[in-house]
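First, one chain by itself: the form predicted alone, in structure tokens.
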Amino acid sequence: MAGSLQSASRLDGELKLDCDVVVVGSGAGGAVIATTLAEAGYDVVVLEEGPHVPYTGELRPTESVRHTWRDGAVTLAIGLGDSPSINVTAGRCLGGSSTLTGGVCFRIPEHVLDGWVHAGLSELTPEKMAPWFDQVEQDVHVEEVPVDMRSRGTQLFGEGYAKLGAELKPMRRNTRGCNGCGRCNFGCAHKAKLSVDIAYLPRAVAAGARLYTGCLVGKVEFAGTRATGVSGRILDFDSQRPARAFSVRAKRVVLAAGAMFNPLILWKSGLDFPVLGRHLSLHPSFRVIGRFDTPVRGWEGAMQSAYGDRYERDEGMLFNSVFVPNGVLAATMPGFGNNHAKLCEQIDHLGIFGGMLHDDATGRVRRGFGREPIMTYRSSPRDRGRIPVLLRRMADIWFAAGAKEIFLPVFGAPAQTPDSMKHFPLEQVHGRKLECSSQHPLGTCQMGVDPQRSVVDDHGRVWGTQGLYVGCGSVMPSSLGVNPQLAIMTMALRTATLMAAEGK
């Protein structure tokens, strides 16, 4: 029997449902779990806080930010001490952040999996994880971005990178028929990016799953230690404020609300663990811009088409190709008035590349005053010391490619030439002056083998409970050092398959 997709905000009265499994969150983790269990014959209900925006690819970037990004893309992890504050962007719509990524699909690096195995998670070896990766990559059609789809900016960075002794590698993304329009972060206008709202959720509905948007889950309901469902509030369609109550009775509950919100739900449900809300990793990311004498037109080509991992294994640094809309890029340029206007006139001469740190998971999610969490982040001494090294390397690469100036992610800093860069006091710049972003919150409900040091076991089951699971990026036992979309979907597929094997 086919399922359904409904906006709870448009329904009348109190919503009360019964099912085998209720899944909280429809992003990369929740969508995979819901689809896998629905196709295994389970009666599945999926609850999503955000709206269904099927036309997201037709929205202007500003409209996309307003309708599909959490907090209008201004969510912040507050930097403590000498740490940068980090802009954490996340989706708030059906399909979650999967709809707003660049489509990048990395497998979990083998050295990361080896670390998890060393910590006792013996089933997460590269060999045992390979079939799960294979299946997800087939489901979402992971393919290499062809070299001819690289933007001129990416080509130039690659030329500089090669002069320093390394080669860019082709990015792997979940796409089919991509034409390189470069607006992946704001929804794919061509539906060429196979995010979970395209690759998985229609399958879930076809298998009988019921999807409800506009549902803000407050807590998990229990009978003793057994999870019996969830309850919360339906959001008013116009104001998006919590209004009418809803409840779902279920034999099993899966929390897939992400690293920012799963801790809040567990705390409100009366659960706590020593590490709950801790060990938040964000993969702090920094952009460095190069200005060339000749036009670059960096927006022409796939937004994320290549990467450089020469320093990832030993120093935790990954270079990622990227571009942002010209309006957003202009806003980041230094100066004021005429000086700023002159820089903005040269946008077609700018190339951008991103540098990402494999961080030590030193962030934390705390209870907020409303429905949003408070996130704080304190860089480890190792990570903090790597930031100026990362930025200097990227500057060197741009200069090797022929850039006349570079723009650092340092608030108020003027453009730097090769000579001025040698004397720029980057190592003395305070963290609060660094522009930093993240799309990768992970790890606040870590998987492990000890309830004192983790929140879920190696099947995704919450310690000390029955019928309660976590299945999203929050279970990652450590930072990954690479974009996590594929990792989240793969871990979720494994959890869902294990759940199905337990029987109804």
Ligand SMILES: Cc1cc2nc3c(=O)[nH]c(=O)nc-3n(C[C@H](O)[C@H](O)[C@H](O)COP(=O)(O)OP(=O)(O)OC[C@H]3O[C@@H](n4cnc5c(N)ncnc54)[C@H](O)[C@@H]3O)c2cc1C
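Sequential numbering from 1, following the sequence displayed. Only a predicted model underlies this, so the values are computations on that prediction, with no experimental measurement involved.
Same protein, other form: the form predicted in complex with this ligand, not shown, and the subject of what follows.
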Exercise. Can you check whether G363 is within 4.5 Å of this ligand in the predicted bound form, heavy atom basis?
Worked result: no
For this session: Give a yes/no on whether A34 approaches this ligand to within 4.5 Å in the predicted bound form, heavy atoms considered.
Result: no
Exercise. At the 4.5 Å heavy atom threshold, is Y42 in contact with this ligand in the predicted bound form?
Worked result: no
For this session: Using a 4.5 Å heavy atom cut-off, state whether V456 contacts this ligand in the predicted bound form.
Result: no
Exercise. Is every one of G79, P284 and S437 within 4.5 Å of this ligand in the predicted bound form, counting heavy atoms?
Worked result: no
Exercise. If contact means any heavy atom within 4.5 Å, which of 159-167, 267-275, 67-75, 129-137 contacts this ligand in the predicted bound form?
Worked result: 67-75
For this session: Would you mind picking the one in Y200, F261, F319, W398 that has a heavy atom within 4.5 Å of this ligand in the predicted bound form?
Result: F261
Seminar exercise, completed: Students should find that, of T228, Q416, T89, Q155, the residue having a non-hydrogen atom no more than 4.5 angstroms from this ligand in the predicted bound form is T89
Exercise. Though the partner is not shown here, which residues of 485-502 have a heavy atom within 4.5 Å of this ligand in the predicted bound form?
Worked result: Q485, L486, I488
